[in-house]
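Take a look at this one chain, the form predicted alone, written out in structure tokens.
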Amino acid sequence: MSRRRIGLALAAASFAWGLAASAAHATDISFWTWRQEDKAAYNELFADFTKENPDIHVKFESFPDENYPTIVSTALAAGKGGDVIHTHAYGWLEQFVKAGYFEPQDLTTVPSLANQPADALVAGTYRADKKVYSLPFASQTLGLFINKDVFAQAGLTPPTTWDEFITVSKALKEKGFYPLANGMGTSWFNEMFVAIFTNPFLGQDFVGDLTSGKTTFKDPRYVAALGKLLELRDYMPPGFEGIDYETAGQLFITGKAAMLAGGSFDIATYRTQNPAINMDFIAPPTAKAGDTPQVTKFFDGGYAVNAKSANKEAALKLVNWMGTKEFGDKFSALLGNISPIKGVVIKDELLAHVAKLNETAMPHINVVYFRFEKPTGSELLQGDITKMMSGSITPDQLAADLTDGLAKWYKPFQGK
């Protein structure tokens, strides 16, 4: 988006905010988000909230995802912006908290924080003061989509171990299917691709060693896991280097590909694009038989209150309601996302299966731990993984680049 278009979006946002501030009812509040596609669902949810709180009305306002951080930070810096702000998590959130833009949340102001598990709260917590600033709204799961009809046609069973994955992929290729739909044409997803297939080889012990400073990404365990990715190239579509995630999804839902490394966030999308699709979502292959299957999980973001909101009490009341089981049940049903709220009932069979897989999930390492300063782990990995998959650098080189880049700000890696 050009600077002029960003300026127009900011002007529109400021105008909308000004209208809200001058409205006759002080309890008219705005909810800012990048999720335009979720407008109908949120409006239905907000209607439920207003039935219980008839003196508070919520206006849904969305902005382009690619410029959302700029629009939000510019508005908040001017003392404006929505009353409730939809945020991303971890390092994304921290930059706004550092600037003093969000109101801290505790059990007094947002009692429904008690409904959140500890790992979810970490996603909305500022590391410096250990306070929560954004109520978590959804977890996302990374794993392996399975086209059940393709497997049935091929007379094969989805793999559970790495050796089975290679054997099944060879058989699928011989039968004319792309075993794995993925390519390397979408930077943000390439990082997820790495996590999906490497995490089962790493395990929780590696995460503990990494985050405690006992090891770095130069660890032989990480280098070996990266090496496994090179074995996938023979089973990806021709020209995989340029195939983006959207195209890979189309190969999968149209039955040209049997498997797709992807995220639970696309379950609803694929059902909409192909209502007849017969698919499953499973954990990626384990290193060996007997290992615990491990998907990758992270928290997508949360709901924060503008510290300069003129309607702070009403905004906090909305955020508190968005942490209740009532909200979580309907949120999951309408949007096909897994709410972190304790006790939420997920009626969708596939989504409930994904929630079960989350019980033994690995964290999305770069997202959870290495996005707080520049260069982020995400930037470094996204920049190198395409080079490694094309053969221009080795797994050792990628691991060294990742470690050395992070060492510029992550002290446990310095000098290693």
Partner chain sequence: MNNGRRHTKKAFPWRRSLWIASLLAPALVVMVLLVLWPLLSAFRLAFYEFNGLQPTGFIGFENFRKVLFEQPYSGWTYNALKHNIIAFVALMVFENGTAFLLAYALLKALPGHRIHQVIVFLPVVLSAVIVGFLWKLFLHPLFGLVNQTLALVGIGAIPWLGNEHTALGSVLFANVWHWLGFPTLVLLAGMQRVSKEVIEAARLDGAGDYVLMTKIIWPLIAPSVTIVTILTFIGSFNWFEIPYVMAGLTGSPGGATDVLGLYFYRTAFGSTTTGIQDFGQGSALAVMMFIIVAGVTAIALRYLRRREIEL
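All figures in this text were calculated on a predicted structure; none of them were measured in a lab. Positions refer to the first chain, counted from 1.
In what follows, reference is made to the form predicted together with the partner chain, a form of this protein that is not presented.
Only one of 209 to 217, 86 to 94, 286 to 294, 156 to 164 places residue heavy atoms within 4.5 angstroms of the partner chain in the model of the complex, namely 86 to 94. In the model of the complex, the partner chain sits beyond 4.5 Å of every heavy atom of Y133. Heavy atoms of E241 reach within 4.5 Å of the partner chain in the model of the complex, making it an interface residue. In the model of the complex, the partner chain lies farther than 4.5 Å from every heavy atom of V368. Within 4.5 Å of any heavy atom of the partner chain in the model of the complex lies no heavy atom of V319. Although the partner is absent from the chain shown here, D65, G383 and S392 each have a heavy atom within 4.5 Å of the partner chain in the model of the complex.
Of the residues K98, K148, K342, R233, just one reaches the partner chain in the model of the complex with a heavy atom at 4.5 Å or closer; this is K98. For the options N53, T27, S378, N358, the residue carrying a heavy atom within 4.5 angstroms of the partner chain in the model of the complex is S378.
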